[in-house]
Structure formats: structure tokens, C-alpha cells
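Quick setup: the C-alpha cells below cover two forms of a single protein chain, split into structure 1 and structure 2.
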Structure 1
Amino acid sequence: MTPSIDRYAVFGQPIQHSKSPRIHQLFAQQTGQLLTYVAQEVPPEQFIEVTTTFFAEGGKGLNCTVPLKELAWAYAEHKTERAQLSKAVNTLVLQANGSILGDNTDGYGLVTDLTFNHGVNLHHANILILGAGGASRGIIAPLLAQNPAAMLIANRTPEKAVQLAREFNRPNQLSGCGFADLAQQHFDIIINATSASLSGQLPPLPANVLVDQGICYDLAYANQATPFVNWGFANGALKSLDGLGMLVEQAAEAFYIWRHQRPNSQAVIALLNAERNLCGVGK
């Protein structure tokens, strides 16, 4: 009798660039799991219909990326604590009773990549997060758990950044502002959680906002250095990293949630970096 093949997917818009199918294929090979995983472009207005159909037709789990994470949060019938805190979901899983559980593995992926893979110490650091959307929501609580000295969210619309900071109720540690308010401020670590890199753009950053030998991290990734990664190198960063490592680490956590197997994420990161063979990316 032929065993059934469990189905997984990632939904987003745009999605053609996604390396997630490749990553989960590698994870499945490592762990001896029988599954399929595909990327599907899903516009926000079709998310509920397409997601409901996916699970009704036997799908076991979904990843959701830009711009669907907050929609996925609303869709999930049950949510983990980290999903509740972030109000954004990137991982949906069909439970045994037929209900849908929402989780957010983004922050786990980011912190694991920064601290374990790159040796970055977040403790007592001054951290700037660019953007106040779903990508930022998913990383704030895990970053706060590392006990930074302070975190600031900057956004084109200052009110959105201020409101997001208030939701986490850490007024002595987390605050929000507009990009124009960054002048004369300095940060050890700058994390780009905007979608600017997806269109080859750069957030409006003032000169000298990064301390000498600071760290830059772009949640986006590509087969060439993103504008923000290049900005980091041009502004004296010790390390200017893109989000490939975070992508693999958050995927490893999602794979563990779905399959109860912990894949070797470092081996996959090394392979993907070798495949894209970039000079200056991820250094």
C-alpha cells in the first residue's frame, strides 16, 4: 500500500522568489519525512477562501508570508503564546481535532540566527527596528526576551510605531517614532523589517545612526546583497546580514511543529549560501 504524502505550502504575494520549498525539501530528506511543500501566490482578498480550501482538501500545514501574517493571525482558531503576543502568524497547523492552530516562528528564527549562527550579543544592546507591520510584530517579543538595553521602532507613520510599542507594555524598554526622529540617535543593531528591499528600496536612514562596528540585519533576502545590506557595509557595520539564516531557522521551527523532527538548519544555511555564492552577503 502506497503511503499518503502530507501536503504543506507557503502563501504570500509576491512568492516567486521563495526558497521555502527548497528548504523544506532538504529538511524532509534529512529526517526521512514524506511530504510535499509548494509556494503559491495568494493575494490578501483571496486568503480566507484559498486557505480554507487548502485544509479542506487535506493540507496539513501552511506558512504565511508578506502580506498575509496578520490575516493568518485572525484566521487561526487557536494561537500559541508567541502568536498572541505578536498578533501575526506565519505558521498554521491542522490539529487532530480539525481545528487550526496559529504560531509565529519568525522571532525564534531571527534570534537563533543572530545569536547562535553569528555570535551577536543582544543583551544590553540598543536595537532599532525599521517598520511597524506584521514582520516587526513577530520579532519584538523574542528580542525583548534577550533583555536589550532599549528597542525603538521607527516607521513612516510615527503613530503606527508608537501604537505597536504600546501593545507590548514595556515603556522603559520599547518605544516608537518616525524616521525623521532618528537624527542624532545611535544604535548597536539595526533590523530592517520593512518591505523596502523587495522593491530594491532603502528606508530613509540618517547618517551615523549605526555605531561604528555595529550590526545590520535585513529580514529580506535575495540572490544578491539587498540595498540595506549594502547600506550596512557602507556605514561601517561589523556584520551586515540578510534574512536567509532567519528564513531557514524559522522554517526549522515550523517543520518541528508540523513533523516533530528537528532538522539540521546549519547544514541547509551553508548549502543555500553556497548555491547563491554571494560575495558580501551573510558575512
Structure 2
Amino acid sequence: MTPSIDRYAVFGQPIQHSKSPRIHQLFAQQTGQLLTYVAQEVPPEQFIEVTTTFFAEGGKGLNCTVPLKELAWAYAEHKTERAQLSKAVNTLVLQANGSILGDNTDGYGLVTDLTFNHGVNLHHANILILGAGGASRGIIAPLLAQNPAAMLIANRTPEKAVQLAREFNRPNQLSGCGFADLAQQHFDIIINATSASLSGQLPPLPANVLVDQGICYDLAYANQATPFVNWGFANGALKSLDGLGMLVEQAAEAFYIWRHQRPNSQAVIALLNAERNLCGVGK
């Protein structure tokens, strides 16, 4: 009898440009595992039905991306602590007892890319997070776990930043404000978690908000430098990175959760970076 091939997928809308199938096939090749991983367009109103069918038909694990992460969070019968805190799930796992576990590997992906791949020390750093939506929520707890000196969330709608900071209940370490409040403030690391890059825009940032030789990181990525990555270079950043490394690292963590083997994520990042042939980005 031929062994059945374990099935995985990423659901989202839109999904056609997703790099996840490629990344997971590369991981499977590296680790000598037999599996399939496909991208499927799933509108939010069909999420529950399609997901239930996927697992009922033997699917082993799912990634969920925009705009399904909150729905996946609600769907998961059990959640890891980091998923619970982020109120969003990007990885669903079929467990041995048939129940579905929800995890969120996004924050892990960001922290691993920053610290391990790029040697950025978050410990005692002053960190500014731009944006107070779902993407920000997913990275806050893993960043706080690195024990930065302080983190500030700045958002176009200031009340949302204040509210998000409050939820984590670390008033001495985490607070929220509007962009106008950033004047005269300086940060070692600025992380862009707004969706501004997706529409080619840039949050309004005052001059000198990044310390000399600071670090910029845009959660978004593209085949060209994003506006925020360019802003970082123009404002004296030592490194101004986009989110390709985070994408691969969150995938590597999902792969590990599903397959109990760690793939060589750096080799995959190097390959994808070479393919998009960026000048400046990822250096």
C-alpha cells in the first residue's frame, strides 16, 4: 500500500501571491518529508465550513492569513498562550485526540529574524511599534518576552494604541500614543506594523525619531524596498529590513509544530532573497 501523503494548506483572501507553498515545499525537501502544501482562496464567510471539511478529510495542519486570523482564533478548540494573547491564530494543528490546536508563530518569526538572523539585541532596547491592528497585537508579547527597556505603540488613531497597550498590563514597559506625540522622542528599533506599506504609504514620522545606526523593520515585504525600508535607509538606519525573513521564520516554526523537525530557514531566506534580487533590502 502506498503511504498517504500528509496534507497542509494556507487559507486567505487574496492568496494567489502567497510564498508559503514554496517555502514549505523547500522545508519538506530539506528534511526529506513527504507532504503537500497548497494555497487556497477562502472568503471569511466560508472559513468555518472549508476548514471543517479540510480536517474531516484528513488534513493535518493549516496556516491562516489575512483576513482569517481572528476567525481561526475563534475556531481553535485549544490555544497556546502566545495565540491566546495575540487574539489571532496563523497555525492550526490537528492533534492526536482529533481536536484542533491554534498557535500564532508570527511574533516568534519576527523575534527570530531580528535576533538570530540579524544579530539585533532587543534586551534593554527602546522599541517603537507603528500601528495598533492585528499585526501589532501578534508581535507584542514575544517582543516583551525579550525584556526591552520600553515599548511604545504609536497609531494614527491614538486611542487604539492606548487601548492595545493597556490589554498587556505592563504600564512601566508598554504604552500607546498618536504619531504627533513622537516629536522629540528617540528609539533604537522601529517596527512598522501598519498596513500603510501595502498602499505605498508611510506613517508620518518626525525627523530624528530613530537613533543614529538604529534598526528599522517593516512587517510587510515586496519585490522592491517598501516605503518604510527606504525611510529607514534615508534616516541613518544600520539595518532597514522587510518582513521576508519573518515570513520564512514563522513558517519554519509552523513546520516544526506540525513535523517536529526544524528546517534550515536561513537557506530558504537566502534563496528567496536571491530570487527577488533586491538592492538594499535584507542587508
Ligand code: ATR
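It should be emphasised that the depicted structure is a prediction, and the values quoted were computed from it without experimental measurement. Basically, rigid core = biggest C-alpha set you can superpose within 1.5 Å across the two forms. Along the sequence of structure 1, residues get numbers from 1 upward.
- In this pair, structure 1 matches the form predicted on its own, whereas the other structure does not.
- With a cut-off of 2 Å and the rigid core superposed, Q266 has a Cα displacement that falls short of the cut-off between the two structures.
- After superposition on the rigid core, the Cα of L238 moves by less than 2 Å between the two structures.
- After superposing the rigid core, the Cα of P227 is displaced by less than 2 Å between the two structures.
- Taking the core as the fixed frame between the two structures, we note the C-alpha of T52 moving 3.9 angstrom.
- A C-alpha shift of 4.3 Å is found for P43 between the two structures, based on superposition of the rigid core.
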